[in-house]
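This document opens with one chain alone, in structure tokens, the form predicted alone.
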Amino acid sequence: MVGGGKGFGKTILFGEHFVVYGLEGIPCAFAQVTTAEVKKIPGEKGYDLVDNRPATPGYKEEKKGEYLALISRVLEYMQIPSRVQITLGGDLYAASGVGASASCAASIARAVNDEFKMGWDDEQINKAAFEGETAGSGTPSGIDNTAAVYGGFLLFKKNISGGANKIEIVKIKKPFEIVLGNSGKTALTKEVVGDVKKLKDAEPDRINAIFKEYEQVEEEAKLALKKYDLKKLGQLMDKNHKLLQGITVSCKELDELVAVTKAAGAYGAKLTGTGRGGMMIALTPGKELQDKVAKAIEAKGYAATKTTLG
């Protein structure tokens, strides 16, 4: 028998970068997952990796160091005594902005738990995935691994004092369609997070004002989601993207994708995840609008992924 596990891909509707500083965010898992198979093999402690995930060209090479650190830390945290072979797969297209590393960490933790019959629950799996994210990404908020483990819509608030993070499941009336646009660029999470911190230290008044405005946007978004007011939700996504531009985490490709999807009728659009590359998300309720926006993205030479949230 081989141990198996999966981790959800995710988008962040609201909160990337802001959640690192203890503000509330709204992540959501989507249907695509990373899968992992883990089996004991002869040899000294450590692992052999077979990575069969579909990915943005160059992504695996550029992120190799992050993933080596991530996997080693998950195995160390879970105190795995023997050598293992890890095989990654699934239908989550690995790219910056879809929680690919968190999905990987969650899937490996679940597969290790399965192979070694450890009996860990979701909370323990989530802690292992967070450890992996910390080794790979520096100072993650915990939002990505939480979405990867639990799925669905969540309200997430990092306890920056070191206690338990707030995790609250949000129920919505019915799933809705989105389109993800891939900039084709890969960004290193640790570098971008570090740059935001430097900016915040250098320009505290301007950046703190942006953070304050984000808090209001997120409060309104939470209500819009619970009321299923997708028009309002889209408008707030647009505002959130402008705030992310203000903390320098967008790029010309992401800004072009946002403009293209809005022109095609998307209710709202914003970058999602690390930024400076990776993915953006367009809110496109209904199959007809979803198809139209996806075609507009592809007409500009970018890759589009159609999926649903909720």
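Heads up: residue numbers just count along the shown sequence, starting at 1. Bear in mind the structure is a predicted one, so any value in this text is a computation, not a measurement.
The same protein has a further form, the form predicted together with ligand MEV, not shown here; the description that follows concerns it.
Engineer: Taking ligand MEV in the predicted complex as the reference, which of Thr186, Asn126, Thr189, Asn113 has a non-hydrogen atom within 4.5 Å?
Structural biologist: Exactly one residue meets the criterion: Thr189.
Engineer: With ligand MEV left out of view, which of Ile86, Ala221, Val193, Ile71 would have a heavy atom within 4.5 Å of it in the predicted complex?
Structural biologist: Going through each option in turn, the one that passes is Val193.
Engineer: Answer with yes or no whether Ala296 is in contact with ligand MEV in the predicted complex, where contact means some heavy atom within 4.5 Å.
Structural biologist: The answer is no: Ala296 has no heavy atom within 4.5 Å of ligand MEV.
Engineer: Contact between Val20 and ligand MEV in the predicted complex at 4.5 Å, heavy atoms?
Structural biologist: Contact with ligand MEV, yes.
Engineer: Please run the contact check for Gly278 against ligand MEV in the predicted complex: heavy atoms, 4.5 angstroms, yes or no?
Structural biologist: No.
Engineer: Does Thr274 reach ligand MEV in the predicted complex, with heavy atoms at most 4.5 Å apart?
Structural biologist: Thr274: yes, in contact with ligand MEV in the predicted complex.
Engineer: Of these, 204-212, 71-79, 226-234, 134-142, which stretch puts a heavy atom within 4.5 angstroms of ligand MEV in the predicted complex?
Structural biologist: Answer to the contact question: 134-142.
Engineer: Does any residue in 4-19 get within 4.5 Å of ligand MEV in the predicted complex, counting heavy atoms only, and if so which ones?
Structural biologist: Residues within 4.5 Å: Lys10, Ile12, Glu16, His17, Val19.
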